[in-house]
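The form predicted alone is given below as one chain in structure tokens.
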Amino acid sequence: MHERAAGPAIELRGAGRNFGERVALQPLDLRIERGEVFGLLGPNGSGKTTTLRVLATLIRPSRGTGAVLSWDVVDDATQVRRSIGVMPEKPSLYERLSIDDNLRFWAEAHELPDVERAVASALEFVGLGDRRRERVGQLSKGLKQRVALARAIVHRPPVLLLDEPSSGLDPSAAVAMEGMIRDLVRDGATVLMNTHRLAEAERLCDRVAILREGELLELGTPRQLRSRLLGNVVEVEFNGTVDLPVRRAVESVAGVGEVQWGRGGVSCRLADADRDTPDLVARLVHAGAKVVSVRQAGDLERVYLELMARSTRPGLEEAA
């Protein structure tokens, strides 16, 4: 039985961690709902891996508490370990053993009732069912990452902690890893992942937290962070000429500002992009515009770089 009570998949309350005099993670409050894909972003040394290690019961918090499926990471560490699957950035597989033997070791450690079935299911999921006899040391980086994921899910845990799951992978292998993570979530898993791939985080994550030097700087959906840090700028692309009725349609939207017309499109700042974009598009279509695409300006990478720049400017750290 993985669950003790109803509640979030993961919860941190003032959880922090020191290593001697160094503060690796300042008190962090975080609540991750079941079925969510949550991303931890930040530069090296920002506290991302420390957070995962606390939740994985590998280290204790120096202050505060953490829980997985309502099991306390200190008082109920054994139950937490049964409920999670961990994929570290460096998987530390037994390279002299076969893929099959690596997974058997972990399936037996979890005391699974049907080891053969569990191993076969995990290998089939990651697409290695026909390579199970191969020695791990002979595999490519991408295939080793698949073995590491299979090891993390062999006991079908409801919560997955993934540390840089696409690290070092080529584009096609990274896309395959994203697909497997999506499939796990569709099957009911909750995923907390660290990543330096910001485009990957934008595609996969329901919400993200951005950390710097152990401190939480921002938390929200990628859209919310774009709105807060880049402004509610919306870009609309047209097919055809921009005539006067189309221009007036844009100007008639309440709260519209900083309108910039370009060849075949317009960029404008709205008071609230989520609220006002449907009205903007409806007015444009009514005015005869052939709308090709509508998107909020910027992406998560731009948000991240802006936030990192703000947090290093004198006098702006508290505002960030």
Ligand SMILES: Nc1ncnc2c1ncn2[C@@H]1O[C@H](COP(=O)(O)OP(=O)(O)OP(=O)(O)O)[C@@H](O)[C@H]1O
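Because the structure is a prediction, the values reported are computed rather than measured. In this text, residue numbers run from 1 along the sequence as written.
Unshown form predicted in complex with the named molecule; subsequent notes refer to it.
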(message) Which residue, Leu300, Leu12, Ala24, Leu307, is the contact with the named molecule in the predicted bound form, using a 4.5 Å heavy atom cutoff?
(response) Ala24
(request) Flag this candidate site as yes only if Asp100, Gly137 and Gln145 all have a heavy atom within 4.5 Å of the named molecule in the predicted bound form; otherwise mark no. (result) no
(message) My question is simply whether Pro43 lines the interface with the named molecule in the predicted bound form - judged by any non-hydrogen atom within 4.5 Å.
(response) yes
(message) Whether Glu178 contacts the named molecule in the predicted bound form should be assessed with a 4.5 Å heavy atom distance threshold; does it?
(response) no
(request) Classify Glu215 as contacting or not contacting the named molecule in the predicted bound form by the rule of any non-hydrogen atom within 4.5 angstroms, answering yes or no. (result) no
(request) Report whether the minimum heavy atom distance between Thr49 and the named molecule in the predicted bound form is within 4.5 Å. (result) yes
(request) Quick one: find which of 49 to 57, 28 to 36, 279 to 287, 264 to 272 has residues within 4.5 Å of the named molecule in the predicted bound form by heavy atom distance. (result) 49 to 57
(request) Would you mind checking 107 to 134 for residues with a heavy atom within 4.5 Å of the named molecule in the predicted bound form? (result) none
